[in-house]
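One chain comes next, on its own, written as structure tokens: the form predicted alone.
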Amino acid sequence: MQAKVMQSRLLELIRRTSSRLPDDVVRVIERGRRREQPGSTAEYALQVILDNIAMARDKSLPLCQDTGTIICYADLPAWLDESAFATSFSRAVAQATKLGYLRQNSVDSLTGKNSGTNLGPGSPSYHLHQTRGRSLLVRLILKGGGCENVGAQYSLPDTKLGAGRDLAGVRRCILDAVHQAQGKGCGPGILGVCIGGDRGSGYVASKEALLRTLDDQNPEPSLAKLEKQIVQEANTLGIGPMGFGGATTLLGCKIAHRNRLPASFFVSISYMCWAYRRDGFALSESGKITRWLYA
């Protein structure tokens, strides 16, 4: 495949991810609006969010002024190596920034200087894996800084919360994170959670959990039950959209688990704002997008 073709396909992926939310996310936001009291601030906030979603999609404009950390997941077939893919994706990011699909969001942590391209050490964030399949699979998450700020990591047991090393303790940690966030994470939010792993791998897995759709079901029955319980209980806390109060504090909770050392038991929580920007595609060797991964 020609590099220019690859770049153009990736540019379209970035445009779509920045300007439109997947249908599964929109449906849950609409359901939340219908659940709120008519005329309430919560209903109004969710309607404004829905209006924003529609305008961004119609005009191909970013859903939020913070177009977020660019997190790219790619399964690379034998016909494509990592460096060729990363080069094409980085060029697509710079082009998307120039065209306004992405804001100029990436700054040097030492000098505060903005590259103006969203490129620099660790930006974009790549998670690349080789695959035996024939198609290139790319998934993209744009994760805003406000919601990233209210992520949390707990080490169990936690005596302050009365949380032990079991799922009951995990539940206490997750609900505490939601309570601590209040409206600061641009709620209603979606949680990606990892039970176990180390401090680094736990956070990585918690973000990977956000690649799931809101209407899927965890294959592990105990975690499927916990995911539903967390959403139900969080929505009784009265925090509501943007912290204005109401019955829609969480839109979803997705939980993964990783092996851990006996000495450690981490619960890592990545909070995603209502602008749950994720998209992806399958690309053939000829350069054809054969399917979009999120309708």
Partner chain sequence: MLLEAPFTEAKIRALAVGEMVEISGLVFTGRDAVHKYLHDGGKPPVDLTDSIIYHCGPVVVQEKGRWVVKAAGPTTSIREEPFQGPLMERYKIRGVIGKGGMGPKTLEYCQKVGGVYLHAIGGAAQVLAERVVAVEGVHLMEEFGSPEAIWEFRVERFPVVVTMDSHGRSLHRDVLAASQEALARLL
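Numbering follows the first chain given and starts at 1. Model, not experiment: these values are computed from the prediction.
The discussion below concerns the form predicted together with the partner chain, not included here.
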When the partner chain is placed as it is in the model of the complex, which of 251-259, 27-35, 264-272, 56-64 ends up with heavy atoms within 4.5 Å of it? 56-64
Do all of R9, N105 and K113 end up near the partner chain in the model of the complex, with near meaning a heavy atom within 4.5 Å? no
Taking 4.5 Å between heavy atoms as the contact cutoff, choose which of R212, R172, K207, R139 touches the partner chain in the model of the complex. R172
My question is simply whether Q182 lines the interface with the partner chain in the model of the complex - judged by any non-hydrogen atom within 4.5 Å. yes
Taking heavy atoms and a 4.5 Å cut-off, does A45 contact the partner chain in the model of the complex? yes
Quick one: is C186 in contact with the partner chain in the model of the complex, heavy atoms, 4.5 Å cut-off? yes
Mark I70 yes when one of its heavy atoms lies within 4.5 Å of a heavy atom of the partner chain in the model of the complex, and no otherwise. no
Who in 214-247 is close to the partner chain in the model of the complex, meaning a heavy atom within 4.5 Å? E233, T236, L237, G238, I239, M242, G243, F244, G245
